[in-house]
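Just the one chain here, laid out as structure tokens, in the form predicted alone.
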């Protein structure tokens, strides 16, 4: 099977997966009465009870299930997910879009360090099996994987914010926030580090970097350990296979054997982990964003859950399902690129 045919096939399989996600969210909605679901489309508390019944009629909330689903999915596709009362009575879709740039900015700086550092340390640990460097890397990976996210975040804040005063929580300082929210500052992407450069105000970018460094370090400490462990195990398995022994017997250098042969095949399970890890970060790292007061998707979801804002929580769940479905699609395509044998039926 060619690469194009494989991609088309995976995309066609992606559609029913996404359909299944929407059916699951719709099924959860059925646990609520039509009146409760109608309140999700009303800002504040209605003074007239008739408003609820007009909304029920307008959105077909008491119709048969197949008709309800049709009108619900139509609203979802148009971006109408209800009202986010925990975010100031704005549409859920607007609240999600406001949080995405912050989380995406966190991912931009976190993922490269997590993946490349994890792969490098995993290979180094496998190549130097049972040596001092291997033991040190394994000890630190175990410690990193075992640390509770909130605990490591609090330790980082205590040292670098409370003790040394080098950085602070949030996304920007008060001075920088006043500038980026002014009419003269153009919000091209709503990503502070990028918008600061595009507006010719590098001090905004520097200020944003000072605020993002601790969340990035916290995520790297926790997440890189998983990549290291998977890469090490996969690399050790490849190094013990016959084709590696044959390559060494032919006189190929150790660097060529590792980088040209073993590394490529060992990356396959790492691709899966990296895809899921990236999707997890894109859908918001709830604890990290909450502890560092970093107002992204995760912060929004946690705030909505604490206030029992059902439309926002379900909107977030729908967003999570979409991101993970897309991530799995990308992982499958990357698989086929790394190992063409996967495309064979």
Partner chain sequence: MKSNSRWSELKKSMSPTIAELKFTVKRIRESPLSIMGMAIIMFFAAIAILAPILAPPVNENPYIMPHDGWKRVPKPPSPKHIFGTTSGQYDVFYGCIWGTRTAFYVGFEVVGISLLIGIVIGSLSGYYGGIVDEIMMRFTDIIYAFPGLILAMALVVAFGRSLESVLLALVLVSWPTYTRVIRGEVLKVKQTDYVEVAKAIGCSDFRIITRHILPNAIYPVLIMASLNIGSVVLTAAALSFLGLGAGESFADWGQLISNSRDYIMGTAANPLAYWHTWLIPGLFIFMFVLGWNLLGDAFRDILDPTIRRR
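Whichever C-alpha set is largest while still superposing within 1.5 Å between the two forms counts as the rigid core. In this text, all values refer to a predicted model and were calculated from it rather than measured experimentally. Residue numbers count along the first chain shown, from 1.
Omitted here: the form predicted together with its partner chain. The next part is about that form.
- Of the stretches 201-209, 154-162, 184-192, 112-120, only 154-162 has residues with a heavy atom within 4.5 Å of its partner chain in the model of the complex.
- When you look in the model of the complex, the only residue of 75, 124, 138, 98 with a non-hydrogen atom within 4.5 Å of its partner chain is 138.
- With a 4.5 Å cutoff on heavy atoms, residue 283 counts as touching its partner chain in the model of the complex.
- At a distance threshold of 4.5 angstroms between non-hydrogen atoms, residue 32 is in contact with its partner chain in the model of the complex.
- At the 4.5 Å threshold, heavy atoms of residue 24 reach its partner chain in the model of the complex.
- Looking at residue 143, you'd find a heavy atom of it within 4.5 angstroms of its partner chain in the model of the complex.
- Residues of 116-134 lying near its partner chain in the model of the complex, listed in sequence order, are 129, 130, the criterion being any heavy atom within 4.5 Å.
- Once both forms are fitted on their rigid core, the CA atom of residue 68 lies less than 2 Å apart between the shown form and the other one.
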